[in-house]
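Before any questions on how it binds or moves, here is one chain, the form predicted on its own, in structure tokens.
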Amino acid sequence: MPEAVVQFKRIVFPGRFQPVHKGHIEVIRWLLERSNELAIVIGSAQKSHMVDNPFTAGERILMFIESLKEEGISRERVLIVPVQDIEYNSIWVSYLESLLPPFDGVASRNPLVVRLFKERGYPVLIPPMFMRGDYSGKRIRERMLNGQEWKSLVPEPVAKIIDKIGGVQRLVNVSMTDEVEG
């Protein structure tokens, strides 16, 4: 396989990262082979304590900081930027342009993200899937809720952070309802 060539000055890598998992770390490695710098955009930064978004932006930032350190990935080449949602897709890329340093590409597998950036003329990298059947935030959250093993799917520092903040119990609590059956 030919060696990757740096093609970009700065690539944007948006996601909710709920939680950061080993697939994200592999994508970061892959992207850093193709760019001088990576801007990780932690989307839905205003959301937490929900089944789909259990962790705060600060917790997700810490998950990345500690995981990158553990993996020996230089923080000098990685920006981590929390971004709140806007409910206006046609201006979302402009919104990111106003919040981030200049960038010349984006990496995503999300069809809407790909379309929005392509419409604005940005090149889009589609990262390879790294064990996507296992490395999925939704599946990891489901495993947490069902009492199944999940720690092997996230970097060790992420598992420690989730344990320290009581993340599994938080997820269980926010998944409960006050409705009466019957």
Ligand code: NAD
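Please read these numbers as outputs of a predicted model, since none were measured by experiment. Note that residue numbering begins at 1 and tracks the sequence as displayed.
Just so it is clear, the following notes concern the form predicted in complex with the ligand, a form of the same protein that is not shown.
Only one of 154, 27, 57, 40 comes within 4.5 Å of the ligand in the predicted complex through a heavy atom, and that residue is 27. Stretch-level contact analysis of 122 to 130, 145 to 153, 66 to 74, 32 to 40 against the ligand in the predicted complex, using heavy atoms and a 4.5 Å limit, identifies 122 to 130. In the predicted complex, the ligand stays beyond 4.5 Å of every heavy atom belonging to residue 61. Looking at residue 94, you'd find every heavy atom of it more than 4.5 angstroms from the ligand in the predicted complex. Not displayed here, the ligand is approached by residue 86 to within 4.5 Å at the level of heavy atoms in the predicted complex. Of the heavy atoms in residue 23, some are within 4.5 Å of the ligand in the predicted complex. Although the ligand is not shown here, in the predicted complex the stretch 88 to 124 places heavy atoms of 88, 89, 92, 108, 109, 110, 112, 113, 116 within 4.5 Å of it, in sequence order.
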